[in-house]
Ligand SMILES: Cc1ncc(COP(=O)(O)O)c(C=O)c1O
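The chain below stands alone and is given in structure tokens; this is the form predicted alone.
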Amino acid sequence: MIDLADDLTPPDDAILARAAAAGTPLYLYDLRRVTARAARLREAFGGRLGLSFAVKANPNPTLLRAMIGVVDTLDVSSGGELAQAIAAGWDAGRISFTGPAKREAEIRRALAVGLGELVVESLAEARMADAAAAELGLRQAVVARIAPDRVPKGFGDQMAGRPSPFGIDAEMAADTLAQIAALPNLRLAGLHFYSGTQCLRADAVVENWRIFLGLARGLAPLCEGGKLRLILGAGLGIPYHETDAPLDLSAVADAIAPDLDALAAEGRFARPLLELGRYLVGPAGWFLTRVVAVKDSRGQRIGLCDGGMNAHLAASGHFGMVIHRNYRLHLVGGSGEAEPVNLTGPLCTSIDRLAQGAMLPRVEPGALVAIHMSGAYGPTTSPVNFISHPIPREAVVTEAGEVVAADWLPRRPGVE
């Protein structure tokens, strides 16, 4: 098993070069590291938490198939993700469905295929689901998403204590849940909390989860009897940048263990589920792009790459980052003294940049650059159709250490 200490160490350059031989730009996901991260999470929390993977972080079908048996459930955010998960071999009964603007048709389809839990984010959505369940002649389990009124400092993206499209405001939750519970074709089976993401501070993560647990205790009496489902949005961050210190997972687990034990002793909730995406797959992925040309411009060296913002929006700094900071990266097979270089993509826009002043061995045409922490929020969050450059390829490193193609996005005829 690969230890989490290896997260900051990429695979052997020979593996990266072999993957890139199929063509770049390319994403490479190491399935062994995903398995190792899931095992480490289970070990750290002593079995107190189940694991749910948020498909939006990486919906690659090969990865989703590999997740069977690695995590307990999947969480999807659209009817399209639900269909993709089922096609990858997942049982619909082990899938939950979140999202702030679900359409009536996709709710009906989700219920018809035997969805495990519908995460309702408003009373209006619950009523829509109740009508769909009535048409299908079933009583659907739903989990109500609650929007907490506060979130500790330290989260990269905060969703609490402000107007939000996500979930039911905690201040209105008691009245709203009572109305949802009264709908005849729904069974209010639990609660879902998510208020922040990309946190590298153990104390902030623990404080946030304690907010969740406090709200859950207060709202549990409004849910139906039996063991209730409790889904905790993890918010666990990953060290994207050289100056980032990895989250101390052991510190989180040690601090929250007494709280989870106390909750279990009350007998009201089933084992809580930890919903997470980037923490599981982000450090297990690398984006590979080839330098097409190099130029010197007004005192700075620029490497022009075959994949940029169009293929990796997050690394370019346009996916939630206020100030652009370079992702961890290295020159595959590079050697020699490091010097500053700017890396840009192939687009006709000045915002298409991958790195500014990155310290790398001298970059020449044909060089291969590996951008780390790229296993989450990659191709499907990027404007891959802008200017019709090649769609990024995808591949995986299997448990046996083989590099296998995992392309699934439609290729562009005449370009690739």
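If you're wondering where the values come from, they're calculated on a predicted model, not measured in any experiment. The first residue of the shown sequence is 1; numbering continues from there.
There is another form of this protein, the form predicted in complex with this ligand, and it is not shown here; the text below is about that form.
Exercise. Y29, R32 and E394: each with a heavy atom within 4.5 Å of this ligand in the predicted bound form?
Worked result: No residue of the spot touches this ligand in the predicted bound form.
For this session: Choose from 189-197, 244-252, 296-304, 169-177 the stretch whose residues reach within 4.5 Å of this ligand in the predicted bound form, heavy atoms counted.
Result: So the stretch in question is 189-197.
Exercise. Is G277 close enough to this ligand in the predicted bound form to count, meaning some heavy atom within 4.5 Å?
Worked result: G277: contacts this ligand in the predicted bound form.
Problem set entry | Partner proximity in the predicted bound form: K56 to this ligand, non-hydrogen atom cutoff 4.5 Å | K56: yes, in contact with this ligand in the predicted bound form.
For this session: Indicate whether this ligand has at least one heavy atom within 4.5 Å of a heavy atom of R145 in the predicted bound form.
Result: Flag for R145 set to yes.
Exercise. Y377: heavy atom within 4.5 Å of this ligand in the predicted bound form?
Worked result: Flag for Y377 set to yes.
Exercise. Considering M159, A257, A112, A220, which brings a non-hydrogen atom within 4.5 Å of this ligand in the predicted bound form?
Worked result: Checked against the cut-off, the match is M159.
For this session: Check each of Q140, N310, S316, T98 and return the one that places a heavy atom within 4.5 angstroms of this ligand in the predicted bound form.
Result: By the 4.5 Å heavy-atom cutoff, the listed residue in contact is T98.
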